[in-house]
Each structure stands twice: as C-alpha cells, then as structure tokens.
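Presented below, as structure tokens, is a lone chain in the form predicted alone.
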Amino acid sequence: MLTCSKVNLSLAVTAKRPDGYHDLDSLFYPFRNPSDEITLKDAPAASGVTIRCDAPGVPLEPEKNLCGKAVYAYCKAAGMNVPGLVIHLEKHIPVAAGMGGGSADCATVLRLLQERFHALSQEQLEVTAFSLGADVPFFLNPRPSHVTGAGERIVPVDGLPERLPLLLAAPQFPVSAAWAYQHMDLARAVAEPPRTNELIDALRSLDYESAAQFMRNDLEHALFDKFPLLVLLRRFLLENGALRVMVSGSGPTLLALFRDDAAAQAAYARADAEFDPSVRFILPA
C-alpha cells in the first residue's frame, strides 16, 4: 500500500499541554508523491515482527520503528496476540524531514491491520493512532484538513486546489520533532493569534500572494538559527520567485509557494543545477 506525505501550510503553536504535547492550529496538505510503499507478509508466529528497509536512518528494531510500534499498539487495543509479520518498507519520503513520513507509515500499517483483522472500531483505531503520535490520526484518511488540539481534532477542508504551486527543498539531514519543540520560542508563538481561516480563504480563491502572508511556522526560528544551509536555501528560493519560504512541520524541509506551476518548475530547474545532491528538490503532486 502506498502512503502519502504532507506539509503544514501553517503551524501555529497556541499552548503547551500538561501531557507534553502542544496545542496547534494548523493546515495540513497531503501529497500522493512523494510516498512510501508498505507491504505486510505473514511469517511464522514465533518470529514476531520483522522490519525490512534499505533506507539509511530507519531503525529496524520493531520496538523503535513506528511501523513495528503500530503492530504492537493495534494488537494491544484489540486484545489479540501479535502475529508473525514481515513489514517491507520502501522509503521515498525523506526521513525526519517534517513531511510526516514516519507518521504516514505508522498509519498505513494500522490501516492494513484493520483491513486484515477488523478488530477495532473506528474510534478505537483513531485513539490507537493518536497514542502513537500526534500526526498519525491525520494519515488514516489524509486530505486537506484544519488540525487543532495536539493533532487529534481534524476537520477536512473542502474547496482547496488539488495541486499547489509548491517546491520542496529537503536537506539530507534529520531533525527530530522533539528538538524543534524544545527549542521553539513559546512566548513568541502564543502572542500571535492563528490566521488559518484567512489562509484557507486565500487558497480557495487561488490568491497565492495573500496566502503567502498568512503562512507561518512557529518552530522554524530555531531551525534557521541552527542551520545556515536553511537560510541559504530560503534566500535562493526567494530570489527565484517564491512568494513565501518556510519550514514544513519540524523540518528541515522547506516549502516554497509560487505564483503558478511554471514559476515553481523554473525554480526547480535552477535549484537542481545550483545545489549538490545533499539537498533534494521535489515538485510534489
């Protein structure tokens, strides 16, 4: 089964919660490409869960991999023994890049298990997903959504363009979400009210210049301070026509919004010639 990826077109942090999560006001936008591919195959019960993946940076121990954790959490919620499974994970979404790849893989395993066993109600499935990570419930049924709470309150947004004039720049180094949240300026974030509804209205109207003014990411200041490469990439993209360049999620991927697809494609051609393969440029679809 193919997964999907996503960006946060806005990520406003509104409070820190007692459970350690943060309350957000965010607009999630999914892509069919880049995507990962996951298959589950039966294995002898005594062998437990095996993770197979060739991508660097992906833990293969099932207790440390979100796909393995999804199996254990599903079985615990369903009151069933853990079956013998081999999970094949083919990675195309950058790892720890702020595009939701791990959460998408986790949700996809939950969906595959539910298709096989039908052991949980939809509510139980959503609760199990949230227990594995704040973004995981979104990927059970990914579509453009206004997301609040810690990620568990998901309201689909209709009327957005099926495709946005975006270019992604993904440096080939990971940033953990925990680090990004630990180093954010919470006081600065909560002082500015979210403008997600205005962003949604602008996108519905295809008014990308206005949309650019309402896009924000309260985690990005710490990343720009720590990683000079991100500052360089942002400057390059702005100089090549981007209306807005910001970090997606907890980064380090940058998303750049352009006036139209032609402008995004022109910037992609220039970027591909300017930077070495340590930065991956993606025209998402």
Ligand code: ATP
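So that there is no doubt, residue numbering starts at 1 and follows the sequence shown. Since this is a predicted model, take the numbers as computed values, not measurements.
This protein has a second form, the form predicted together with the ligand, left out of what is shown; the following refers to that one.
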{"property": "Triple contact flag G241, V245 and R270 to the ligand in the predicted complex, non-hydrogen atom at 4.5 angstroms", "result": "no"}
{"property": "Region of this chain that lies against the ligand in the predicted complex, out of 206-214, 142-150, 93-101, 164-172 [heavy atom, 4.5 Å]", "result": "93-101"}
{"property": "4.5 angstroms heavy atom contact with the ligand in the predicted complex for G48", "result": "no"}
{"property": "Any non-hydrogen atom of L40 within 4.5 angstroms of the ligand in the predicted complex", "result": "no"}
{"property": "4.5 Å heavy atom contact, L89 and the ligand in the predicted complex", "result": "yes"}
{"property": "4.5 angstroms heavy atom contact with the ligand in the predicted complex for L66", "result": "yes"}
{"property": "Residues of 1-23 having any heavy atom within 4.5 Å of the ligand in the predicted complex, listed in sequence order", "result": "K6"}
